[in-house]
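Two forms of a single protein chain come next, each set out by itself as structure tokens; they are called structure 1 and structure 2.
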Structure 1
């Protein structure tokens, strides 16, 4: 949290307001241009091997009532962020949403939190400053790490050195909002295992999987927060640990893997910073459903839709994914991670994961 970054971030924001000012003065319709945030406008950055926005842009312009409202809100938000940086305060996305209620102008207030979240993302992209540098935090995601890792975290109460097995409780080490404040001291870990559901994470910890296999168990808690993805990337990059992702076998879970590995469509402007292209998918794969004869649920219409959507998503256009998704559409079934319990509580740690990890060449 250097004052330098703060000053730069603030200057960038004010620049943006100045742009609107100049547009007014020139008799132009105030507007800002953003990359189109849809799956048809993401492309693979060959160098970094992550998915980033393509060339297509859309314009937020005061041409329409809707557009004008958006820009008005943007200006109000810019003012708020600039003030916040000046006073070295921070706030959460949710706080921003409620804070807008206190603005003198009703037209500038947000209708829902999606709107304010999206606006912050817009400002990130246009000003090329991450929201962490705006001092905007997400709500605690509660994502955790459990495993043989020793680190130092800068907190408001000073530096803390923490071992992610010995110094933490059953819940594990809580990932902070800005993981860049963490320094990794040492690690005995062999690999990283990102787990989608809390139930499975607890099962692995209870069964001592982290100890037995040298696994850093990262709990994703559904769609992973930026901090979770960032720390995963740093662990991979700095400790050179292979990253594996373990989720349910349904289309929504594949997207979780996608955002860990390739970056999400919403934050493709930060892919380079958040995505770990080397991440590998453990499962549960559709082929596992067949192979292990797991208990299943039928695919719903929206599942099928999502799967078909993924077939056209550039991030999933690999032989592996096409084969798996088509197989799943074919069998018309999905399965949860917990379905493995049908073979006994230890099946996942004794059989399934070791087999899969071996197949994937992790050990």
Structure 2
């Protein structure tokens, strides 16, 4: 069923295509201006406390063969998206890449999926419409929620009401591609616990952590999808729930936290929509490795390089992070969440997390 949002998104896309036409009419070379998407063009929005693109821009222009091809691909993609919205259909990012193979102009076809993914991001930025409102979906992320939350979800078969403990199996409630179609009806939750790995998520559920502590356990499935970050932000903002992020002790996991809390370079144009700057890190700390004598693996050269880069990453410019990263570089070790099992299967839910939550003032 087509909505007002669909009509607005379609109008924005058509307006964008019309701008190219107007440039032709004025005798200008067609072009599209975009923020430079690099670490050096990320800055803190002090009001929203999230990382956004700065003032540096780059221009996609038809004054070169390469630039002309990019704009041609943009026009074909805009036409496809506008038709998709008019027909109330949807497609995945992967399908868009393959669909371009059928376009009548070979120059408009994508070379690889990275190229088509980036173009969708470009169109989000210049049209100020999210890909979810374009009806574009990623491949299934499988991220889930388990906990005391009652919600209503809009589906093609009508609305349905779901309790994220009573009406779901052990796997939990699967987060839809567009969480803005969800209405939160009621909740007895005390806080949100975003968990990196499936093994730890299963341990928490099996031990009844969601019941015992009123936790909404959000399984991030590694680097979280946009839908996961969006629903986390909505749960925080609308239900006023504290957000904690529970990950491994390695540089890649710290970036998972940074993505939830402050946003990422790739989606900095959506940081205010996706990021939750109030999120707190409750993951395994380098200091925990020392204190609990956890089983570890040695840092690789790639790990060391990533940690050193994080020391200059604006998302980690605090005394806490500098102290923990310097300690990790000093001991040369990393540890997984499941390493806590060395102290017993119940240690994480009976001791580790309750103590950390108390230190944070959640309880």
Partner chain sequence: MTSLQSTLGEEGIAEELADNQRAISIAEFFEKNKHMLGFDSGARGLVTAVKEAVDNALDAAEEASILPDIYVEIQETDDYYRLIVEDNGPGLTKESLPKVFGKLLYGSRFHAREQSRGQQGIGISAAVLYAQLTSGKPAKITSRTQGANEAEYFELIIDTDENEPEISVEETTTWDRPHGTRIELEMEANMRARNQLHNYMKHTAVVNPHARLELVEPDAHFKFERATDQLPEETEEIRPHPHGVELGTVIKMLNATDSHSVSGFLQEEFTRVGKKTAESIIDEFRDRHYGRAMRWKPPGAHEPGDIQATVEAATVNKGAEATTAFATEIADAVSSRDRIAHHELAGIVENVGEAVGDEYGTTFGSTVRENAIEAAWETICGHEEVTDQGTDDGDGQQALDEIGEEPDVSRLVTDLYGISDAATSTRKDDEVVHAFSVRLAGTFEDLEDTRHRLTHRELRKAIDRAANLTEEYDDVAFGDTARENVTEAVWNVMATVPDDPPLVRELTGDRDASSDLVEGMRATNIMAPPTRCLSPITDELVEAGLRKEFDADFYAAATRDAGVSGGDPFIVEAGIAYGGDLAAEGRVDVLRFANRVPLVYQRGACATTDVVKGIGWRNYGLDQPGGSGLPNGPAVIMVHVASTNVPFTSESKDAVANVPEIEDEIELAIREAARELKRYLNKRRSMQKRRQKQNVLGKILPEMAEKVAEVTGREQPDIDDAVARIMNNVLVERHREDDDSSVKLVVENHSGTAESLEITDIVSAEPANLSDGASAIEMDGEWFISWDVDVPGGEEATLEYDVPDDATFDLDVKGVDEEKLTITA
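Each form is matched to the other, and the largest set of C-alpha atoms that superpose within 1.5 Å is called the rigid core. These numbers were taken from a predicted model, which means no experiment stands behind them. Numbering follows the first chain given and starts at 1.
Taken from the structure described as the form predicted on its own is structure 2, whereas structure 1 is drawn from elsewhere. Once the rigid core is used as the reference frame, the Cα position of residue 339 differs between structures 1 and 2 by less than 2 Å.
The two forms, fitted on the rigid core, differ between structures 1 and 2 by 2 Å or more at the CA of residue 75. Relative to the superposed rigid core, residue 32 undergoes a CA displacement of at least 2 Å between structures 1 and 2. With the core fitted, the CA of residue 20 sits 3.7 Å away from its counterpart between structures 1 and 2. Summarising the core-aligned comparison between structures 1 and 2, the C-alpha atom of residue 64 is found to shift 4.8 Å.
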